[in-house]
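A single chain comes next, written as structure tokens; it is the form predicted on its own.
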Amino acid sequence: MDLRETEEQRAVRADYAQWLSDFLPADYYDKYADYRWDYELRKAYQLASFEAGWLQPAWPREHGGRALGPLEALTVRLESAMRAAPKLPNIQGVGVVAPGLRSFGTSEQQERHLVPVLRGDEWWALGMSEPGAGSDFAGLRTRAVRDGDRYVVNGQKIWTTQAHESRFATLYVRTDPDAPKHRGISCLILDMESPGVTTRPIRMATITDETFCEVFLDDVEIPVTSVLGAENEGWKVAMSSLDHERDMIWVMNWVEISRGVREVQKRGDSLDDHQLVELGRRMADAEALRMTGYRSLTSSLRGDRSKEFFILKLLGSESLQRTWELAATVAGADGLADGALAFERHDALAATLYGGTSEVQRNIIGERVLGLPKG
């Protein structure tokens, strides 16, 4: 892959940058600390992006895109991140659920759900993690028993982001308890207003609009027509969805690392030798993450999922934490009174949890990249 921009990429980047500048308030960057939490602005941005074709730029117009090629689509994502475009209110809906619907949904499911989730009219949660299983997705125990044209579901999910505000969820359940644990899983489209669904928000340690929740399922009835993909093939749906999420996460992490590096550089005159070395390492991490992301894209363009892809999540999340820890260390006592810095430092702590914990990522790298036996 040639890292120099093509003429097509430059043109797309310029078009998107101009559109974004026209959309954003004139004082957006001066008051970014306030605007980053502005729900109405973020909601309007999602709808405007959909209508202008910038939301999913590789997709066709009717699905919020411009039918761009992979390189041009990545250019839009990077430009959006570098310019701190408003964060989508229900980011997993666009970044994880919508690709799953588009890849595995029936025509009826796509007709009913795809455009509403892309426009932001309906929010979605991801019913994956469970107590006692954590990031061991294959260890889920929520059970769905078929009864005629419906499933009866019992179980519990946890760390289910925005479940209390979501209209639907992709719910992963065990439909064949006798199959190997990676099989026998199905993905169901759950109406969160169904009888028997109880959602309890979990108290969060920092200011956030992405509240974790517990979800309890007691004899919840879900139509058989709500299976996303095929019965007992939920593992395939989940892995595809997580691939989309991790592609999204590395770009976000790269931008946040770069922003943290700039925060440290502001205090360049006060850095000691050790801190200068650490700053250099963080700068190298940011560039390594970007290059690895490009290498992964190159392999995808050749029709292959590269081994580099499996490194992106761990490299990005660990580097992000180290970067903002360095920023806090360099700030010293002044940082204790800096609410924005405190938020960034605490927010970075979650990076090694969401999208798959670092422990699980190391297992994936060991098995899929290094070829080590499963533990």
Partner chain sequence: MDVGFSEGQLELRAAVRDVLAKECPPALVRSCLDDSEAWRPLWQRAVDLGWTGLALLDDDNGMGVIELIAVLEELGAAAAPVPLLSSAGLAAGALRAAGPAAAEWQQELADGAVGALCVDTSPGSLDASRADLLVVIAGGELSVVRPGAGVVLAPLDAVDPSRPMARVTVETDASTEVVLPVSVPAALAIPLTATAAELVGLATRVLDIAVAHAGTREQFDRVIGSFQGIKHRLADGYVAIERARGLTYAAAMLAADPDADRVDAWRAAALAKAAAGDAATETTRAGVQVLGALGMTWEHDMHLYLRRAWQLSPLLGDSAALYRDAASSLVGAR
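Treat the numbers as computed from the prediction; the structure is a model and nothing was measured. Residue numbers count along the first chain shown, from 1.
The same protein also exists as the form predicted together with the partner chain; that form is not shown, yet it is the one meant from here on.
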Thinking of Ala17, Gly69 and Cys187 as one candidate spot, does the partner chain come within 4.5 Å of a heavy atom in every one of them in the model of the complex?
no
Of Met291, Ala84, Leu88, Val224, the one that lies within 4.5 Å of the partner chain in the model of the complex (heavy atoms)
Met291
Exactly one of Lys236, Arg102, Arg167, Lys181 comes within 4.5 Å of the partner chain in the model of the complex through a heavy atom, and that residue is Lys181
Among the candidate stretches 43-51, 24-32, 56-64, 309-317, which one is within 4.5 Å of the partner chain in the model of the complex when only heavy atoms are counted?
309-317
Report whether the minimum heavy atom distance between Val197 and the partner chain in the model of the complex is within 4.5 Å.
no
In the model of the complex, does Arg146 have a heavy atom within 4.5 Å of the partner chain?
no
How about Ala230: is it within 4.5 Å of the partner chain in the model of the complex, going by heavy atoms?
no
Partner contact for Glu5 in the model of the complex: the partner chain, 4.5 angstroms, heavy atom:
yes
